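Next up: just one chain, as structure tokens, the form predicted on its own.
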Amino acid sequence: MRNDDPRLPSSPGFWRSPLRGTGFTSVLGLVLLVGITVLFVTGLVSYAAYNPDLSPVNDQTPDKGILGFYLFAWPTDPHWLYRFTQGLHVTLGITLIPILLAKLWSVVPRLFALPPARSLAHALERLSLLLLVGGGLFEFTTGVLNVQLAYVFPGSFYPLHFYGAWVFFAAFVAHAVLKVPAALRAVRRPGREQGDLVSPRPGPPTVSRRGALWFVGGASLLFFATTVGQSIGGVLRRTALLAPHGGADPGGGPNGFQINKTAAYAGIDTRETGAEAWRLVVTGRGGTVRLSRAQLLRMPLHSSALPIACVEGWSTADQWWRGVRLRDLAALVGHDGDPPDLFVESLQRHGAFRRAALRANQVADPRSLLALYVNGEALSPDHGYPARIIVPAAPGVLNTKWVARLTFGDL
């Protein structure tokens, strides 16, 4: 069969929708230009929040090499920083899905165009398009699966999503450099439809291009409305129908707020967390001390109003935590003045981040606690009884639960 056979997808006559054209594609492309740039930046920020250069236990992508050039020490102010950046990352990613799919639909004839390469420049453009489409589908798919807590990846989500983001964004930048000038011209001068996206024999229209754009925009708004509540919290959480942590808060009372890992899932043995058995081991340059929960309660206690924010985009409202300041525990083992970095170990047996490291600035913050109470009540087993870490602006997995040992000093 010939390439111009209308029965083949390589033929321009195969694609008959009258909606396709440079104007429709350009509007979608310019929206994605802004949205995907914000996604990429907030994704890099999320990775930096783990402080991966601090300790191997925090680094989920140890072979990042030059791709980690931008990493910086994660701050503790404002205390809602990670809640905002990761909530924006996840909510915006889901909101952009209808726009991404519409954009791919609008340019699908180019994916089948023959010959595959008319020149070296055309070959490079086609390669960037392949990486762009494949990378975009990969990044959005892995992101959605992670948000839905569907851990079906062939490896760890972190390196897959991290390296995939760099490949996708490199292709995205190359494509933008080639296409943005033409897209801006098409938007400024609507009605001059031409090029390979316009069907030579379009079918009868069922909706206008403007109507199609309104439809795509409406779908994005629907996705936004059914996701954003998991980051805002309160009564809006019940609108987060696309998020596992949407709906009403689990349970009731002071401990009735979201969790990812239950005590049962983490393999916590209640015989290890009872008053007679559990001891917190604190080590520093001044030696080692072992403290029961009763002894911790006799130390000066302080309160902090801080949220829990997770990489999946969900977060809680500020909860009222009460416990011993981390910097006071550092002073107890010889680290007066400026406290050092901290290595935290948990009793949990299953799941990631059984150990985590905190930077000195996080330890020094007066709001950083070894929490014993939340909202006026002792921690529940699922929230980390007998003691857990709570640090402002840190990803939820660094707020270690069921703490067994604290080691202050060089990691």
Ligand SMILES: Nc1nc2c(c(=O)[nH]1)N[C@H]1C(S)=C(S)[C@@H](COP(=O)(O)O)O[C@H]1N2
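Take the two forms, find the largest set of C-alpha atoms that superpose within 1.5 Å, and that set is the rigid core. Everything numeric here is computed off the predicted structure, so don't read it as measured data. Residue numbers run from 1 along the displayed sequence.
One more form of this protein exists, namely the form predicted in complex with this ligand; it is left out here, but the text below deals with it.
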Legend entry - Within 4.5 Å of this ligand in the model of the complex, all of F40, S46 and H161 (non-hydrogen atom): no
Inset, instruction - Would you mind picking the one in T85, T283, Q258, S199 that has a heavy atom within 4.5 Å of this ligand in the model of the complex? - result: Q258
Inset, instruction - Mind telling me which stretch in 200 to 208, 231 to 239, 218 to 226, 258 to 266 gets its heavy atoms within 4.5 Å of this ligand in the model of the complex? - result: 258 to 266
Inset, instruction - Please check if R367 has a heavy atom lying within 4.5 Å of any heavy atom of this ligand in the model of the complex. - result: no
Inset, instruction - Report whether the minimum heavy atom distance between N361 and this ligand in the model of the complex is within 4.5 Å. - result: no
Inset, instruction - Answer with yes or no whether L306 is in contact with this ligand in the model of the complex, where contact means some heavy atom within 4.5 Å. - result: no
Inset, instruction - Answer yes if any heavy atom of F353 is within 4.5 Å of a heavy atom of this ligand in the model of the complex; otherwise answer no. - result: yes
Legend entry - Stretch 371 to 394: residues contacting this ligand in the model of the complex, 4.5 Å heavy atom cut-off: D382, H383, R388
Inset, instruction - Superpose the two forms on their rigid core, then report whether the C-alpha of P366 is displaced by 2 angstroms or more between the shown form and the other one. - result: no
Legend entry - Core-aligned CA displacement of G376 at least 2 Å between the shown form and the other one: no
